[in-house]
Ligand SMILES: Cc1ncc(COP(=O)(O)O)c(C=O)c1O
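Only one chain is given next, in structure tokens, and it is the form predicted alone.
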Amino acid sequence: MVSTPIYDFVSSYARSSPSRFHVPGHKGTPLLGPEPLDLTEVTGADDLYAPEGIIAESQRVAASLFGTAATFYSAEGSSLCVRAMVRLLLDHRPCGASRTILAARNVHRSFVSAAALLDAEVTWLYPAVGDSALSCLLSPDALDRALSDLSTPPAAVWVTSPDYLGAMQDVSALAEVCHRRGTRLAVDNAHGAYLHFLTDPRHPMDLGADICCDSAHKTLPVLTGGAYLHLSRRCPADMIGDVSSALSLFGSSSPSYLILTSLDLVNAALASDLPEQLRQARDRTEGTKASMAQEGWPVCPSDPLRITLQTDGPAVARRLRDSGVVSEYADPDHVVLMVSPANSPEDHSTLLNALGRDVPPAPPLPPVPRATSVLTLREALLGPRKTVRIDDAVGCICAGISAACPPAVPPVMPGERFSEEHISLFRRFGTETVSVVP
């Protein structure tokens, strides 16, 4: 029987009905419903960034379930984990490695802000011709060539897998290249927390990554904001010992105990029947994808619990909404649907009926233009700025992170110069204004 120490403490505290002369201000009075379980760091509740009690015990349970050297909780999503990962990779880089991070171009905006705040140097790897700007699949050979072009090994190689469209990197092969070249592989696995619990585990920690983050709330039954930061057994002890400090550098000093309780409770579910439910959801999703393909829908390769169609995304999303089906994301080229065990067989039938057989064509994917860097990320993002209309930005230097969320993938990075091709890409996605260096 897996222990749930956070839930047990919070529940016991609520049942004891103390006079609460501590925050939060609701004092446990159930105006909305969950207030009795919403606590602060009272005696016995432990400290998320210096855990020694119930949080430490719960995190050890999570690490045993994921098979990691250590797993840490975040109540502020993977964004907090990403920032902490960048700091850990820079501060504990392999001997002889530089402060450069070699990163696939489709990073989340939280990586960009972390690199700017920590003054990391970033060398970008671009997607292959014909790929979406939201994907950047790397071949082991391409990564090996990119690493050989650097005078010293980078602090890490950074990839996103699965990415927002569900494309998955060959993590095992990339990890082998990284380790042979004297660097580490970091994976933003925000959309793949469930991958360890399938029949054929495909979680980055199973495939050789050194460090990764998962947004537990995206694919597991966890409240929004619940996330994990995982470290492999290849990471040195001092790096593992520094994780809480790295998280506290960027995280709130008042984490949500509702979120922490949900992370604690999902441990028990993962040790019980949730893995079987995930496998059943995967099988249902495979059947749904096959039915869509049979009707002529262009189903893109993706992780097992995602359906990505290359089509006129806004038109298809509207069609689905009219039938009561809400998609995760839509752009001019794709519509993305996220699946979990909570989606019933009836949900899948409703989706197929709503989709129908009329397949609107998608225009060819626009090329991903390369950019010229003029300033560092830090200089551009933390310096003066002004807002201009997108049509007036050609030739200007980007001073902000221009990326709607979702998918939060910036087409142009701070410090890079806007070209006409970039402006066309922004127009395509409906961006009207951007921040530029004055």
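Model, not experiment: these values are computed from the prediction. Numbers for residues come from their place in the sequence shown, where the first is 1.
Not pictured, yet referred to below: the form predicted together with this ligand.
Residue H108 is the only one of R87, H196, K289, H108 with a heavy atom lying within 4.5 Å of this ligand in the model of the complex. Proximity to this ligand in the model of the complex, taken as a non-hydrogen atom within 4.5 angstroms, holds for one residue of T311, S215, T100, S327, which is S215. Contact between D188 and this ligand in the model of the complex is found at the 4.5 Å heavy atom cutoff. Among residues of the shown chain, E76 is one whose heavy atoms approach this ligand to within 4.5 Å in the model of the complex. In the model of the complex, Y164 approaches this ligand with a heavy atom inside 4.5 Å. Not displayed here, this ligand is approached by T160 to within 4.5 Å at the level of heavy atoms in the model of the complex. Residue heavy atoms within 4.5 Å of this ligand in the model of the complex occur in exactly one stretch of 142-150, 358-366, 243-251, 78-86, and that stretch is 78-86.
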